[in-house]
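The form predicted alone is given below as one chain in structure tokens.
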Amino acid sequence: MRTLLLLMICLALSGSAALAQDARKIMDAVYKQDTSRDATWRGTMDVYDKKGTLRRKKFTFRKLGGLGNSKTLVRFNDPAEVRGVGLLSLNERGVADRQWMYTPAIQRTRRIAAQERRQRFLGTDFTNEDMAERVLDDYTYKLLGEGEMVDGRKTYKIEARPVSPEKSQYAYVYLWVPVDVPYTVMAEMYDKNGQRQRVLKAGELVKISNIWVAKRVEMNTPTEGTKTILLLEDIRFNTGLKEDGFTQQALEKPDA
């Protein structure tokens, strides 16, 4: 009886390890499918409050570097009240994200503190943390199931938990990745109390320069009844962006 019990425990543990390994492999493919050295696109954020009132914001996005070692710069150009506002994010494997925001109205650049990462980014449903790149090694992964349909695609459902819980506002995130496409098409973010904070859905998947991209991303905040729809256009990869375009000095230049 004791031998049988030990065998059952061993089988259960090996099964859990296999599921974790499979989940890690799936997410590794999601991250590595983006082989670009740099990326640029123009975006529109349609922000809806709980009454359904729309506010539209337009911006440009630039990224330099790859998985776990990248720099991004978001620059808003419309409407007038946010024109020139910029967010610079530096992502490095093993180091906490560093972010700076420039506000032209007061000609001030300030570093975003850790406690501000959960705050909404310029009134959208994306938080400052959401605007930074997620690094594969910052999470552990567990495969929860296979076969659930999302927008007509059979998916894997994966649980991701931050390796360093104090660095994220989310205790865990559920991810849905299509069986046939290495891309996260849906995500649900939960806090430490198990309350669902945000729901992300990515659609209109296209392949540009052999890289999968979602041209439409919707982020919902269920607790507040708000949502933001992000639309991407003029997506380009490997145009030769330079390091000096991703500094605090560049952040303060209106044409950066």
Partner chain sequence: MMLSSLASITWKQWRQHRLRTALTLLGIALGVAVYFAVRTANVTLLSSLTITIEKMAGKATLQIVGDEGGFPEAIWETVKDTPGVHIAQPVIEVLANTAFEDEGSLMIVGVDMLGDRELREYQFDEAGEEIADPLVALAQPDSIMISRKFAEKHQLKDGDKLPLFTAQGKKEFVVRGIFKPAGLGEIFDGQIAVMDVFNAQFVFNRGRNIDRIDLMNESGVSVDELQQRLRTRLPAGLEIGPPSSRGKGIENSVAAMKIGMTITSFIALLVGVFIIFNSFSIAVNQRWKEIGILRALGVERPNVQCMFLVEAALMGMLGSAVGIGLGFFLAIGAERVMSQIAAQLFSYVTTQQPPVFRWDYAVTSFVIGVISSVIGAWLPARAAARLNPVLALHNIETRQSENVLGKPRIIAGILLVLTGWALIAFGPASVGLSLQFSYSVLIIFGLVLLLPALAALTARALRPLMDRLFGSEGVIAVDSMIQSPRRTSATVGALMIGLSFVFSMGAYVRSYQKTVSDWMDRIVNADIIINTSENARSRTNHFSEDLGKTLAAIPGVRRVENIRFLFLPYADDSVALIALDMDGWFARVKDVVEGADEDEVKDKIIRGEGVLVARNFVARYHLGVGDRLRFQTPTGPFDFPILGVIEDYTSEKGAVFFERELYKRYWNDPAVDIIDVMVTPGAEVATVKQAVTRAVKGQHRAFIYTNAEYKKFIMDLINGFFVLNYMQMTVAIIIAALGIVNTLIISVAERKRELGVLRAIGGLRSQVRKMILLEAAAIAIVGVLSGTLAGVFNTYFLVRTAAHMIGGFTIPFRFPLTIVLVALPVALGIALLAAWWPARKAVNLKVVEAIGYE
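Being a predicted model, the structure only gives us computed values, none of them experimental. Positions refer to the first chain, counted from 1.
Missing here is the form predicted together with the partner chain; even so, the following discussion is about that form.
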Could you tell me which one of F126, Y183, F76, Y172 places a heavy atom within 4.5 Å of the partner chain in the predicted bound form?
F76
Scan R37, R196, R216, R55 and let me know which has any heavy atom within 4.5 Å of the partner chain in the predicted bound form.
R55
With the cut-off set at 4.5 Å between non-hydrogen atoms, does R120 touch the partner chain in the predicted bound form?
yes
Report whether the minimum heavy atom distance between T221 and the partner chain in the predicted bound form is within 4.5 Å.
no
Does the 4.5 Å heavy atom contact test between M149 and the partner chain in the predicted bound form come out positive?
no
I'd like to check something about T103: if you look in the predicted bound form, is any of its heavy atoms closer than or equal to 4.5 Å to a heavy atom of the partner chain?
yes
V163, K167 and K242 each touching the partner chain in the predicted bound form (heavy atom, 4.5 Å)
no
Among the candidate stretches 173 to 181, 154 to 162, 79 to 87, 130 to 138, which one is within 4.5 Å of the partner chain in the predicted bound form when only heavy atoms are counted?
79 to 87
